[in-house]
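Take a look at this single chain in structure tokens; it is the form predicted alone.
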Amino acid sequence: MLSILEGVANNIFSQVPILIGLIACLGLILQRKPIEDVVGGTIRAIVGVVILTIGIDIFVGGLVAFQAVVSSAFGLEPPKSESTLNEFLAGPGSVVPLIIAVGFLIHLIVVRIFPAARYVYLTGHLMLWMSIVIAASLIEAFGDVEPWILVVASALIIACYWTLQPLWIAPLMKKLMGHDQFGLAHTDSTIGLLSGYGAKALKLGNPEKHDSEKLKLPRQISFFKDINVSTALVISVIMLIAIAFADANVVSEQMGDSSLLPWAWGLLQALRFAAGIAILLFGVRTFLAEIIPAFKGIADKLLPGTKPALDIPVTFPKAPTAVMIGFLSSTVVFLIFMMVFASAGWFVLVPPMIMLFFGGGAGGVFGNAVAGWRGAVFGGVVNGIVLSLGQWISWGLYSATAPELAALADADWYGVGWTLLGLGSVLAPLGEFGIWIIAGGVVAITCVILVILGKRQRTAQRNEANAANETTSTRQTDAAADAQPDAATN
């Protein structure tokens, strides 16, 4: 049984194209679509995700090299630790695939039971990472834990997170996208909340007047309106400056077998980065065109009223300029923090370029949706601050398990991990019973929230129905009143 669950986790949940393909195929079959539509729609959905993944692989490869070169330019070395993520996954963390499989099953049950739980979490790779964070947090807090306890408790907690996370970002997601055909399933949801509601509270701007996608630039630099051109130019400049100040050996190591001069290699890396983003956006549009209509079958037959919750790149085509604004402002803020921390001797921050891009992009699009380009800058700044302070605080908290989680993290990792570590520090004297208190408490709170949301939904539906009835009744009364004079005249 365990091997079957591990196989499902490793070969389905961890393989996003296969997971999305199965969801699309099932949805089309449930709609009784012709075989040609089922096969074609399924393959197009898979190909769309594969294209998206290729785009991510291309620019993530550039970001990794970029991270190493920038770190060298600032003369930084990553902090050391006695434990590593690989050792954790080979030891107590080896149960993570089981946590994902059991957790997803619980998540589907919760979604089926509670009408207010409207979204099915489908971002497979983040299922893995958040499961690791939860398992590592419980191990850090309670020490050695029986594997089956770690699996069940972690699965309950992660299932509740997968259920609630798309819900708490849903209002902002609807404002950003202009519809609620799908939700957001990403561990940068906290950045979206802080960016959106923070920009609104600070009254940074008007989303229509200051929309980043409507920025007017002088004719001579109007080419910056093309996201591919602006990305290539900005990243090229940063990369070439970093190469100029980086250790030649580090640059040579990143170049591998390339026979190019460093500046030419750096320029090509920046261009590949821009090309990767263009491919990613094309892949997003391709697979969204298939998964949304296909999911209708699941929403109608198996999980009534539900919608898919998808990865953060689905929001990027809505405001690509805001993505770049958020990424750049996030990177600048992080580099400032990096220099301050290094000067003060507090900690050696390592620029996590992948998290700066996706988190900064998330802050950019959500901030822009509420306050235009000013909100996009604000969202990027928020992400830079969160990643800087989060990396500094979390490194020591995971020193006995997987300290790399501090540098690889998104904002939600910090929020969930710190909460579990805080509760664990209080309940640790109770031993493993303390874990059950935490897991039971999370489940109870989730159920209460879903019940309250369900009541609100029913009340809203009744009010809408009453308003519709009153409107119809008023129209009928008016029509009757109009008809009486005519009858009297006749």
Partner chain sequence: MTTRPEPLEVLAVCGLGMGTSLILKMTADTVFDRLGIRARVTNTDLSSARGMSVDVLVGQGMHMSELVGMAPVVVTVDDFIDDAALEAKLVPALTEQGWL
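Positions refer to the first chain, counted from 1. C-alpha atoms forming the largest set that superposes within 1.5 Å between two forms make up the rigid core. What you see is a predicted model; the values in this text were computed from it and never measured.
Beyond the structure shown, there is the form predicted in complex with its partner chain, which is absent from this document and is the topic of what follows.
- For residue 182, a non-hydrogen atom is located within 4.5 Å of its partner chain in the predicted complex, even though that partner is not displayed.
- Taking non-hydrogen atoms only, residue 292 approaches its partner chain to within 4.5 angstroms in the predicted complex.
- Among heavy atoms of residue 228, some come within 4.5 Å of its partner chain in the predicted complex.
- Although the partner is absent here, residue 210 is not a contact residue: none of its heavy atoms lies within 4.5 angstroms of its partner chain in the predicted complex.
- You can rule out all but one of 401-409, 306-314, 333-341, 84-92: in the predicted complex, only 306-314 has residues with a heavy atom within 4.5 Å of its partner chain.
- When its partner chain is considered in the predicted complex, only one residue from 272, 200, 175, 296 comes within 4.5 Å through any heavy atom, namely 296.
- Proximity to its partner chain in the predicted complex, defined as a heavy atom within 4.5 Å, holds among 288, 234, 145, 167 only for 288.
- The partner is not shown here, but in the predicted complex the stretch 328-358 reaches within 4.5 angstroms of its partner chain through a heavy atom at 354, 357, 358.
- Positional change of residue 109 between the shown form and the other one stays under 2 Å at the C-alpha, relative to the superposed core.
- Once both forms are overlaid on the rigid core, the distance between the two CA positions of residue 348 between the shown form and the other one is under 2 angstroms.
- With the core held fixed between the shown form and the other one, residue 207 has its Cα displaced by under 2 Å.
- In the predicted complex, the separation between the C-alpha atoms of residue 281 and residue 307 grows by 3 Å or more relative to the displayed form.
- Wider separation of the C-alpha atoms of residue 166 and residue 276, by 3 angstroms or more, is seen in the predicted complex than in the present form.
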